[in-house]
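Consider the single chain below, provided in structure tokens and representing the form predicted alone.
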Amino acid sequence: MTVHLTLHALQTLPPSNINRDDLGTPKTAVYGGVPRARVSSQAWKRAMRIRFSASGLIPDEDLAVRTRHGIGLLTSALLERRADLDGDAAAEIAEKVFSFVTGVSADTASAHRKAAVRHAPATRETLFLGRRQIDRLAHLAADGADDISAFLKSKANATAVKEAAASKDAVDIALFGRMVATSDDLTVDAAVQVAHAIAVHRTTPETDYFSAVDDFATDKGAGMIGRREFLAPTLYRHAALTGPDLASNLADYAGAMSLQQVTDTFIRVFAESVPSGHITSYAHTTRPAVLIATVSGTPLNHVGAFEVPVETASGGHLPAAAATLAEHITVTNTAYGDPTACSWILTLQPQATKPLHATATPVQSLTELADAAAAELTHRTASIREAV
């Protein structure tokens, strides 16, 4: 028995290119036999992680960084504790500790180049590292810095270093998990699933032909010309958070945030984050026109509502999308749903989304929705954990 928070959103974007492929073209997917705009889950999860910090909802020390410069971060933290070390010596110590606990090695192709952090080499792999994790490793490395090889040969020291590396004390690692191919001890199963966002309607990229004027030009010609593709979709977004899994991942968390606070914050950043691709050209910072939060024993993705793409003769996809989603939620919940489920809905266009009002309790603000859903998930999670 478990309990989930599921989020469903309808969100319109203006002309934009927030997530592009290797050719610079907006990402798409074929769903229901027609092309749709697509935003990868990876892109939106990164936007959510950045929003955690930018909004001030979670202190930076309680978050993680995804980087190839973990050795450099450890070098910097070590030098803060051992000012008597020079940079090169600290980098060598940091590299030995880092390799010992993660199994990853420095990238030989970049080993002799000056890296972005403290002249230390980058690693071959990109790792998801908690800031508290780095601090714990630096504290131990400082103790053994005089002879780090001998220090790591001690069983007690080795155990302490590995436990520090395996600590799950970053909120975003607790939510989104971590996979390290070279060390199973560092792997954390995610408590959150995030779907790729797709357009509810057929979507074909358009091309923006642009020119740049040379301010000092004496003729009427352009300084340069170019083309860039863009889309203007109405997206269906979905995510699911499993309460007991998040509670378990937060067990090592040394901060003061509770399951309810982290869940509340996750709901907020889901609604407030947008990938920033080409944002200076498109200023696409919209918010969901519809946001539904449901707490239930069955996590249901309602993307099936849009397997047949929404089509409108008079323009505007949101009203038809809302009606289609409302029908799908009602039918799916009747067939497969949890009768004890609780739902809340926030909408920016009440008239256009009226069919959805019967599927959930209307609220007036994101704060009201987040508070209610987080409290319900926490209550049910506590009941499940007490019963185990």
Partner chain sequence: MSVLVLVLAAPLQSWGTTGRHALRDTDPHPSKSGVIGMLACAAGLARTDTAGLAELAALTYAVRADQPGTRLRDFHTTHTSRKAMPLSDRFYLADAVFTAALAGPAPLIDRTYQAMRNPAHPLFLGRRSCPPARPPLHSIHPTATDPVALLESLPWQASRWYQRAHPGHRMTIHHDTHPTNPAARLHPDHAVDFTPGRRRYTSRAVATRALPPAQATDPMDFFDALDDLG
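Residue numbers count along the first chain shown, from 1. For clarity, every value in this text was computed on a predicted model and none was experimentally measured.
Heads up, the form predicted in complex with its partner chain isn't pictured, but that's what we're talking about next.
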| field | its partner chain in the model of the complex: contacting segment from 95-103, 196-204, 141-149, 79-87, heavy atom within 4.5 Å | value | 196-204
| query | Just one of 30, 358, 54, 331 has a heavy atom within 4.5 Å of its partner chain in the model of the complex. Which one? | reply | 30
| field | Position in contact with its partner chain when the complex is considered in the model of the complex, options 240, 160, 257, 166, heavy atoms within 4.5 Å | value | 240
| field | 4.5 Å heavy atom contact, residue 290 and its partner chain in the model of the complex | value | no
| query | According to a 4.5 angstroms non-hydrogen atom cut-off, is residue 223 in contact with its partner chain in the model of the complex? | reply | no
| said: Contact with its partner chain in the model of the complex for residue 154, defined as at least one heavy atom pair within 4.5 Å: yes or no? | reply: no
| Do residue 184 and its partner chain come within 4.5 Å of each other in the model of the complex, heavy atoms counted? | yes
| Which residues, if any, of 46-70 lie within 4.5 Å of its partner chain in the model of the complex when only heavy atoms count? | 46, 66, 67, 68, 69
